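Next up: a single chain in structure tokens, the form predicted on its own.
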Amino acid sequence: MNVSIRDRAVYETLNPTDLAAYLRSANWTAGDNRPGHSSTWRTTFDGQMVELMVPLNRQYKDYVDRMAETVPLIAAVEKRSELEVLGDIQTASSDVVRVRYRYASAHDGSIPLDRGEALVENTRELFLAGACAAVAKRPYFGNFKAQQARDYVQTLRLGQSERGSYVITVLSPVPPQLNPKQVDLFGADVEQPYERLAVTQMSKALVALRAAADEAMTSFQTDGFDRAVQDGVSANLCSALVGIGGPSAQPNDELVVSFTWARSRPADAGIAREIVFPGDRFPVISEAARLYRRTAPAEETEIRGVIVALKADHAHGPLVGPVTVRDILSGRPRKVQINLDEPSHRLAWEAYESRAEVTCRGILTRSGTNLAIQTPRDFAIVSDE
């Protein structure tokens, strides 16, 4: 049954750029283009030329009316429902990643509420792991994750849920490709924007992880996981997948991650569009995450916050001794102790008296509940600018 879309608010938010990207990808031909006014697109339907006008100026009174004419016409030409066409237009400028988890014990497509929360949170971690690997390949990304990766994750949007076991949809906006044939001076394809690299890296890493898990199930060796690090596999990626399945994952469960690339920026045909993880791979992947963390080299951490305590070892000697910073970069405030040399300790006193924020880098260590920065460097007062 084809449902007609009557809600005008839908067309008020429809983006002309997304609509043009959809039409181009669906083999409509661009005709007259009047910048700031409208563009014309044509195709053949039942042997007849069909013309569609895309309004380009939201200030015109008939903007919504003209937009409301586009979706029904495209649906008629393509013999699809208006809702399907609308959904494809709205996601034309985003890479769409679908995470589907099929619980063998659930037959109605529902899941426990707490598992739904874990599914969303670990899907976020899955994207973060891919984004970090797009910056650098490491077996484990600890407390310090590239700012570029953290900023990217903030741009992601949770799309409409879909049928098919339990599916969540994540939209990753990507800049449009303005010149599909653009190459650099040496004839190679121009480098993709980071938003696309983050998603394609996640796809490549998932392919490598599935292969490594398959190998380890019969060889009981870690060679495959060692090699997979260069493809972007990390403890973070492994933990995210295991977290999606949850502690009660069954061998007959199944996790499927699929990719639909933005129509505004075609992707390399060689990139995997779907990766499947049977539930019986999760114990192997969980163990790989543990080994990655255990063998990963110590990683520098950046902390930032205000000084809440400090003292000197010598009442009348040089200013050296422990300084405690209330760190805010980890997402959850925590107290971290630093032992500073005399020049840095003088800066710490200055920051403590003015309540200014400080920043420092080093190896984060834990002793019980106490956190400390070893081999601190780049200690500085944060500028107000």
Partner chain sequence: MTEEQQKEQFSIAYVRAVAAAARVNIYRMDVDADSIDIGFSVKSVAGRPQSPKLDAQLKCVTELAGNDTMFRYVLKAKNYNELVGDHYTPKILVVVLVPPSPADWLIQSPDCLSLHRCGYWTSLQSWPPSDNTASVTIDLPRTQIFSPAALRTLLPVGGAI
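Residue numbers count along the first chain shown, from 1. For clarity, every value in this text was computed on a predicted model and none was experimentally measured. For the two forms, the rigid core is made up of the largest set of C-alpha atoms that agree within 1.5 Å on superposition.
Note that the form predicted in complex with the partner chain isn't included here; everything after this is about it.
Contact annotation: residue 37 falls within 4.5 Å of the partner chain in the model of the complex, judged by heavy atom distances. The closest heavy atom approach of residue 176 to the partner chain in the model of the complex falls outside 4.5 Å. The closest heavy atom approach of residue 350 to the partner chain in the model of the complex falls outside 4.5 Å. Shown alone here, residue 342 lies farther than 4.5 Å from the partner chain in the model of the complex, counting heavy atoms only. The stretch among 240 to 248, 218 to 226, 269 to 277, 69 to 77 whose residues place heavy atoms within 4.5 Å of the partner chain in the model of the complex is 69 to 77.
The partner is absent here; in the model of the complex, the one residue of 50, 328, 356, 30 having a heavy atom within 4.5 Å of the partner chain is 50. Comparing the forms between the shown form and the other one on their rigid core, the Cα displacement of residue 341 stays under 2 Å.
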